[in-house]
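As structure tokens, one chain now follows by itself in the form predicted alone.
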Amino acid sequence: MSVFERFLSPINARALARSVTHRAGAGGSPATLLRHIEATSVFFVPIDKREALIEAARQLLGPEIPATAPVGGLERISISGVAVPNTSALSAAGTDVLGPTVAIRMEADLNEARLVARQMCQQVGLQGFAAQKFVTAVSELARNVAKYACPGRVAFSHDAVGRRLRVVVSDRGTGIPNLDAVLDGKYRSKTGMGLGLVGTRKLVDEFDAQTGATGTTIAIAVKY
């Protein structure tokens, strides 16, 4: 954190630290931590500060550790434990670069999901109402998880070839009854589960949902 806060605001430094430690896991080696810092920093750190931050992290973790990717570059990092279906919104996943993953355990985690969504928009130049729609869609899906189906995750990725920002929101709840009817606007559960899905689908360019007794996975994408 001390290194990150030299280059970022406290909230961005905390978000970067959480994303890196989540990916590297408890007890990750210095080389593993640096690799994830290099990959994740592109979503949080302005390009003119990124090289200095990575070098400062390398000096802290061990100057002898070689760079695992070009400074400012990204590597493909798998997101363990996230159910990623073969959906239309992920049909071009082979071109995706995986970004931060935000764990949703309580409503307070929604702030981090929104922050990352805004950072992703800034990175690709998505602005104004289009950016607000993307952030709102992410917030609504994450809120459903926090309210009805904790724990869950919001996994971000970027398809630079197809010029899309993608998000997969997954949980391990008991599923959404009558999902098709909910999406058609014909049904609303007594608990309110599924509320906002119809509106969310209208905010994005691609939407796909799968649900069952072991959880729900919703994939969305917006073009830029």
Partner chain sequence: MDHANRIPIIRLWDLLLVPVQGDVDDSQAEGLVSDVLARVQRDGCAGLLIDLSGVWTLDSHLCSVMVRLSRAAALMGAQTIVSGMRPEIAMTIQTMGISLGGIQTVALLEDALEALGVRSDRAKGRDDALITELILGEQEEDEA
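Just so it is clear, the structure is predicted and the values come from calculations on it, not from any experiment. Here, rigid core means the biggest group of C-alpha atoms that superpose within 1.5 Å across both forms. Positions refer to the first chain, counted from 1.
The same protein has a further form, the form predicted in complex with the partner chain, not shown here; the description that follows concerns it.
Visitor: Is there a non-hydrogen atom of residue 126 within 4.5 angstroms of a non-hydrogen atom of the partner chain in the model of the complex?
Guide: Judged by the heavy-atom cut-off of 4.5 Å, residue 126 is well away from the partner chain in the model of the complex.
Visitor: Can you tell me if residue 149 lies within 4.5 angstroms of the partner chain in the model of the complex, counting non-hydrogen atoms only?
Guide: Residue 149: no, not in contact with the partner chain in the model of the complex.
Visitor: Under a 4.5 Å heavy atom criterion, is residue 24 part of the interface with the partner chain in the model of the complex?
Guide: Result no; residue 24 lies far from the partner chain in the model of the complex.
Visitor: Can you work out whether residue 110 and the partner chain are in contact in the model of the complex, taking contact to mean some heavy atom pair no more than 4.5 Å apart?
Guide: Taking the distances in the model of the complex, the answer for residue 110 is yes, it comes within 4.5 Å of the partner chain.
Visitor: Run the contact test on 174, 180 and 212 with a 4.5 Å heavy atom cut-off to the partner chain in the model of the complex and return yes or no.
Guide: Result no, not one residue of the spot touches the partner chain.
Visitor: Going by the partner chain in the model of the complex, which residues of 119-153 come within 4.5 Å of it through any heavy atom?
Guide: If the 4.5 Å heavy-atom criterion is applied to the partner chain in the model of the complex, 119-153 yields 128, 129, 132, 133, 135, 136, 139, 140, 143, 147.
Visitor: Aligning on the core only, does the CA of residue 18 end up 2 angstroms or more away between the shown form and the other one?
Guide: Yes: residue 18 shifts by at least 2 Å between the shown form and the other one.
Visitor: Is residue 9 among the residues whose Cα moves by 2 Å or more between the shown form and the other one after superposition of the rigid core?
Guide: Yes, shifts by 2 Å or more.
Visitor: Do residue 217 and residue 19 have their C-alpha atoms closer or farther apart in the model of the complex than here, with the shift being 3 angstroms or more?
Guide: Compared with the form shown here, the C-alpha atoms of residue 217 and residue 19 sit farther apart in the model of the complex, by 3 Å or more.
Visitor: How does the CA gap of residue 10 and residue 147 change in the model of the complex versus this form, closer or farther, if it moves 3 angstroms or more?
Guide: Note: Cα gap between residue 10 and residue 147 widens in the model of the complex.
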